[in-house]
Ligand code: EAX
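Okay, so here's just one chain, in structure tokens, the form predicted on its own.
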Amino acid sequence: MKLSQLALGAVLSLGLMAGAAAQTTMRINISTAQNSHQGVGIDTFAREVEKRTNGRYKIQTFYNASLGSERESIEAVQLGTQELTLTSTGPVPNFVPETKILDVPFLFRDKAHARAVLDGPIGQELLTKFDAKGFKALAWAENGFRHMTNSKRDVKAPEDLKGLKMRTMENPVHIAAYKGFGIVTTPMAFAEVFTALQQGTVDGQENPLSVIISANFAQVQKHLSLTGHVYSPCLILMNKAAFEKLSAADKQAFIDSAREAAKANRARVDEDDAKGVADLRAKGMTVIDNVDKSKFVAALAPVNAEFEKQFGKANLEKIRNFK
């Protein structure tokens, strides 16, 4: 072999080694299964990041709370021991209190209204509140409208909720509202919910159809009421320091990837909402789909008066009336 060939081989192998070393691996996780609206979100995000950075960044995906609960994952991202997470906003107010307002019951008319608020100036302004807390909030994704399930009885009116022991998210606004319905609230991490329902530690829980389906709650819950009482957003969060290390082009690539992920995630929520009721009925659930929401709204009048004091009536109206 000629010297020049040896030299060329050495250069090529060094180049390959440099290429391999240049790939940075990051982790992102969810608390739900891979075959869920959130799974679709992080799988899309991973694919897009790799594509948009020409393979320089690889995103490892983890499901079913295998890296920890939502709250633990948010803490890990804040500390920098994990780079990314996709989480519902349930535990987020414990880190960024300004997001609490989004959890007020019956704030949004429908998904189109909620998405318009989050993608518009109100939602984009809220994303900036994460910067001071050690996060870069890349995009709003979606959990969907939350509905009540339980193992005891049909819930047709607010009084049917009285005395039911329900798992709630670790979220102060949700807990205040559900106490207003007479529910015995039991905050716990999502990963513990199926077992708690199975063992009868709690009677019920509340979640969007996408979550109820992907978590197989039909196996341990008999009654579903389409209360749609709270709209539940999701967020794609990144450690702020990790984001700041990216080049300007890569920062944009991560943001664009997160937006694509949110699109795919919302499309899956729409699909689950369209077929979910029939799917859950087929699995043996009794579904009350003609809930009189005005009664539920009226039952929360005292709690809503407190929310108006806490958040400001004008701020709530700004969201309610957003076109």
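These numbers come from a predicted model, not from an experiment. Start at 1 and count along the sequence shown; that's the residue number.
Another form, the form predicted in complex with the ligand, is not on view; read the next lines as being about it.
Across the proposed site, 29, 75 and 236 without exception lack any heavy atom within 4.5 Å of the ligand in the predicted complex. In the predicted complex, the ligand lies farther than 4.5 Å from every heavy atom of residue 84. In the predicted complex, the ligand stays beyond 4.5 Å of every heavy atom belonging to residue 150.
Put simply, residue 38 is close to the ligand in the predicted complex: some heavy atom of it is within 4.5 Å.
Remark: residue 178 does not count among the residues lining the ligand in the predicted complex, judged by a heavy atom distance of 4.5 Å or less. Considering the ligand in the predicted complex, the lone stretch of 154-162, 130-138, 206-214, 242-250 in range is 206-214 [heavy atom distance within 4.5 Å]. Of the candidates 229, 223, 167, 115, 167 is the one whose heavy atoms come within 4.5 Å of the ligand in the predicted complex; the others do not. Within 4.5 angstroms of the ligand in the predicted complex, the stretch 83-110 places a non-hydrogen atom from 88 alone.
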